[in-house]
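We begin with a single chain expressed as structure tokens, specifically the form predicted alone.
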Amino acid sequence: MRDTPNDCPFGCTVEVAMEAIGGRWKGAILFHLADEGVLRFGQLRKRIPGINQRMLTNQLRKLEEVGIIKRTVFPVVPPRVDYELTEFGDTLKPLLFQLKKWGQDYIDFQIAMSEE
């Protein structure tokens, strides 16, 4: 993640936030972890249609690097890996649930517009 000076122009904090959580898949990953708590890799993959194994791995690593999710590996055969929001990641829950609501409102709005 890039450094941000204290005197950055208005809006740069939004850019920093979007860099950390933006993109096609991170929001869906974060939502499912916020909604369901601890999930395994396979469970996440089933809940996010269209994402492939490589992309899910990549996005999980990025979210872990910035401290939003925690990865726990259990020394069993076959290996078990759990993912969950960190304490800081938990601060995203209200935003994620509001974004879900906004998404539904947007779908309803689009349907209403197409009926006009």
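All figures in this text were calculated on a predicted structure; none of them were measured in a lab. Sequential numbering from 1, following the sequence displayed.
This protein has a second form, the form predicted together with the DNA, left out of what is shown; the following refers to that one.
S.K.: Decide whether residue 67 counts as a contact residue for the DNA in the predicted bound form under a heavy atom distance cut-off of 4.5 Å.
M.R.: Residue 67: no, not in contact with the DNA in the predicted bound form.
S.K.: My question is simply whether residue 81 lines the interface with the DNA in the predicted bound form - judged by any non-hydrogen atom within 4.5 Å.
M.R.: Heavy-atom contact with the DNA at 4.5 Å: present for residue 81.
S.K.: Though only this chain appears here, would residue 91 touch the DNA in the predicted bound form if you measure heavy atom gaps against 4.5 Å?
M.R.: Because no heavy atom of residue 91 falls inside 4.5 Å of the DNA in the predicted bound form, the answer is no.
S.K.: I'd like to know if residue 57 sits close to the DNA in the predicted bound form, meaning any non-hydrogen atom pair within 4.5 angstroms.
M.R.: It does: once the DNA is placed as it appears in the predicted bound form, residue 57 has a heavy atom within 4.5 Å of it.
S.K.: Can you name the residues of 17 to 52 that have a heavy atom within 4.5 Å of the DNA in the predicted bound form?
M.R.: Stretch hits, in order: 24, 25, 40, 41, 42, 52.
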